[in-house]
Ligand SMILES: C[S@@+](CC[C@H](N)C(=O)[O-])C[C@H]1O[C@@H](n2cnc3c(N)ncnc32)[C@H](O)[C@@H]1O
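As a starting point, one isolated chain is supplied in structure tokens, in the form predicted alone.
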């Protein structure tokens, strides 16, 4: 807006000069310094005759000049030095298209015969898998509440299908999900049980939103049927690692990236049998156990167990299998002596400082030798 006003003021000033020139040629001498040189009468007449086109050209040039100037200033304003923004708020693990898919199904989480029936029956495997591996890390436990005293984060909790069983085992559980309607469904369902109401807390947010406030807080992080829906898997695993206590456990269940998983997990389950709604999964986001293990280990997590899971669509039950070509579960431990890596900028700064000190030391030695 400012550049337009400046351009308009400049053009008005030029028009005032034109009026002065028309009114009296006697003003020529006074205007010569302003016009930038000595003009003859013929030159002045030529200027006045073609004034409309000349001033039109001035307007265009002026407008372009101011536009370029303010565009440059805007770019400078938006620029930030890289080390002033270590964690970009624009980065996210949440896929907006996935959010829309689950938003449409938010009211159907607790229908045990509906689209989430496979997840209900999966609790027969994943709840004991989480419980038994966590109990390996404690000396004793209370009967009936084996996970008492443990703090668990359930990432992508949906309507709370896994959150509630973990709460019933005595754990203090925080369930997070980016879909607000999912959280409303989960809160409504847990309100019917006063015990769960005290043990479980739900939040409508993404994992990266709570990393700073919950760093090294949880004994376990659970991401069941979640990693195949995230936008940035490596960032997601990094966040999981950051919120875990040293020695804490990460539990993941997901789908392998194989031709069989595409044929059965998408073509058959979604398009033919209708076991899950169409568009629920994207094959490109599936991850193999080998790739997942590589990402986990690069973030200081040691993989303890990888076990295959098979679902029978006719009986509606799951069972463990040595075959991981479809679904599988993984358990990894965070190192109890893990050191958080320094950001690249600071690491480079430290290396530069060390090099400077070394150079100055060598210079001092050379000077001493010369003497």
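Only a predicted model underlies this, so the values are computations on that prediction, with no experimental measurement involved. Numbering follows the first chain given and starts at 1.
Beyond the structure shown, there is the form predicted in complex with the named molecule, which is absent from this document and is the topic of what follows.
Using a 4.5 Å cutoff between non-hydrogen atoms, residue 155 counts as a contact of the named molecule in the predicted complex. Put simply, residue 293 is far from the named molecule in the predicted complex: not one heavy atom of it is within 4.5 Å. In the predicted complex, the named molecule lies farther than 4.5 Å from every heavy atom of residue 219. Remark: residue 181 does not count among the residues lining the named molecule in the predicted complex, judged by a heavy atom distance of 4.5 Å or less. The three residues 93, 224 and 229 all sit with a heavy atom within 4.5 Å of the named molecule in the predicted complex. Contact with the named molecule, judged by heavy atoms within 4.5 Å in the predicted complex, is confined among 240 to 248, 170 to 178, 261 to 269, 296 to 304 to 170 to 178. Note on contacts: among 252, 134, 161, 200, the single residue with a heavy atom within 4.5 Å of the named molecule in the predicted complex is 161.
Though the named molecule is absent from this view, in the predicted complex it lies within 4.5 Å of a heavy atom of just one residue from 211, 105, 125, 119, which is 119. Along 291 to 317, no residue reaches a heavy atom to within 4.5 Å of the named molecule in the predicted complex.
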